[in-house]
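One chain comes next, on its own, written as structure tokens: the form predicted on its own.
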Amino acid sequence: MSLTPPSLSISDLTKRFGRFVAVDSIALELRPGELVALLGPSGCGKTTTLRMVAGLERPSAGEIRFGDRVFVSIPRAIELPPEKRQIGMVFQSYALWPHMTVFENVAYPLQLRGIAKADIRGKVAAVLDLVNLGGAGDKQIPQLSGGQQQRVALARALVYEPALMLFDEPFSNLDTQLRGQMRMELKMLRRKVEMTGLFVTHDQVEALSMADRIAIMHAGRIEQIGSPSEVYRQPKTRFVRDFLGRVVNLRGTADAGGFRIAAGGERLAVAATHDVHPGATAELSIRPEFVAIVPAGAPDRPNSINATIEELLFTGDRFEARMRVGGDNVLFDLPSDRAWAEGESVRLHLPTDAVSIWSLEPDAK
């Protein structure tokens, strides 16, 4: 099975519910064969965006194109119905019919399109093999596990070879172990089936591990679009920095070529970022996994500062530690292969290429 999709183009897309603006003039391009995740907290507009692409919600403004086809254009009064958009959609709730067998559920989209019965059987058998459900066609839906039901939903969306796949929080009803398994299976499936896809999720691990690019949404707008590595390592806004993963923020003052920690006076030789001017009240940010933590008295490294362990929680494979750094309390994970102690002094090494400086001045964004 091979899908060769064109690209999806969204421009000036807006959705209002009365005075509330759910989606606010967003623009997004999907390249052929690319899986893009819409990631953000509840209420940010990601599901509404997906529904407008699917034709389940009418935009208030804007345009959606797929290759040379116009799905919807408010200025030109064009609106293609959902069944004309050649879209496959996998829902959060699976949306399977419990009174039908696996085969009947997967065959249904082909029957609606008038495909001959002889062709239907071959297409359904092929797509069930693709999602590792070969031989399960006669089973009833209630007999299946959550992961198997999700595979049936995926097979039903793929069976008529749609040009565009839409995923609406497809793994959110699965337990943690099954979510990890389904992420891996979808990743492997993409090696067999070329698909252009838009994937809505609030799960950061799903977005980071499966998407080619991530569009992070907040309050109806796209805050940043980039590869998983770009948005994680090089956030462009505070929201992206704080929403995606963990971050350590230390208050202080920027100076020429450096940053001075508040309440401790220690200085780090780091270049200013995000247009921070010398003398500005600012905060230094770094992902905690980039910080090297060693006991006080160990051989020192450049750009290291003092910290004190104030509280420790043993979790088996690690310690969760609350530390005092200058005037701030910050959280780190410590390896459990050493006996750390509350009240112990340690040194934190902050690599300059992993640090960003953000202004705390009133007019800073």
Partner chain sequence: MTTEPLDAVPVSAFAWVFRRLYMARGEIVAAAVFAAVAFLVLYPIGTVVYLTFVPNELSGVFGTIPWYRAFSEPGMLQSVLNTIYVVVAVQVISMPLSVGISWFLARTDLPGARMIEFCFWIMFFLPSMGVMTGWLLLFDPDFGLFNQWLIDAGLIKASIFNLYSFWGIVFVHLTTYGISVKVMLLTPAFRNLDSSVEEASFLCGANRWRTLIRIVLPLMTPAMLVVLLMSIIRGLETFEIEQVLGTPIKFQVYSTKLYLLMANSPPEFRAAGTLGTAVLAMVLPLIVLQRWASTRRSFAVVGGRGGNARIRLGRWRWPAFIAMAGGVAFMSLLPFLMLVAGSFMKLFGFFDLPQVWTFDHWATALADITFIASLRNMLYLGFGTAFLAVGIYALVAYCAVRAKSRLRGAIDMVTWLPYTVPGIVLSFGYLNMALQVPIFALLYGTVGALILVSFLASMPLGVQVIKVNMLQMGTEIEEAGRIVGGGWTRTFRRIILPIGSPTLAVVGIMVFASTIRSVSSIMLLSTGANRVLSVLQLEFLSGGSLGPAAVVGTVIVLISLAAAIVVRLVSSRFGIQARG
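The term rigid core refers to the maximal set of C-alpha atoms that superpose within 1.5 Å between the two forms. Positions refer to the first chain, counted from 1. Quick caveat: nothing in here was measured; it's all calculated off a predicted structure.
Omitted from view is the form predicted together with its partner chain, to which the following refers.
Check: Would Ala125 sit within 4.5 Å of its partner chain in the predicted bound form, counting heavy atoms only?
Finding: Flag for Ala125 set to no.
Next item on the list: Indicate whether Arg69 is a 4.5 Å heavy atom neighbour of its partner chain in the predicted bound form.
Entry: Heavy-atom contact with its partner chain at 4.5 Å: present for Arg69.
Note to self: Residue-level question: is Pro278 within 4.5 Å of its partner chain in the predicted bound form, judged on heavy atoms?
What the structure shows: No, Pro278 sits far enough from its partner chain in the predicted bound form that none of its heavy atoms falls within 4.5 Å.
Next item on the list: State yes or no: in the predicted bound form, is some non-hydrogen atom of Phe290 no more than 4.5 angstroms from a non-hydrogen atom of its partner chain?
Entry: No, Phe290 is distant from the partner.
Checklist line | Residue among Ala219, Met184, Leu80, Val205 with a heavy atom within 4.5 Å of its partner chain in the predicted bound form | finding: When its partner chain is considered in the predicted bound form, the option within 4.5 Å is Leu80.
Item checked: Contact assignment for its partner chain in the predicted bound form, among Met89, Ala282, Val102, Leu198, heavy atom within 4.5 Å -> The residue in contact is Met89.
Item checked: Listed range touching its partner chain, judged in the predicted bound form by heavy atoms within 4.5 Å, from 28-36, 306-314, 60-68, 328-336 -> Single hit among the candidates: 60-68.
Checklist line | Residues within stretch 89-112 having a non-hydrogen atom within 4.5 Å of its partner chain in the predicted bound form | finding: The stretch 89-112, when checked against its partner chain in the predicted bound form, contributes Met89, Phe91, Gln92, Ser93, Tyr94, Ala95, Leu96, Trp97, Pro98, His99, Met100, Tyr108, Pro109, Gln111, Leu112 at the 4.5 Å heavy-atom cut-off.
Next item on the list: Look at Thr253 and decide if its Cα position differs by 2 Å or more between the shown form and the other one after superposing on the rigid core.
Entry: Stays below the 2 Å threshold, so no.
Notebook entry, point to check: Is it true that Pro98 shifts between the shown form and the other one by 2 Å or more at the Cα, once the core is aligned?
Noted result: Indeed, Pro98 is displaced by 2 Å or more.
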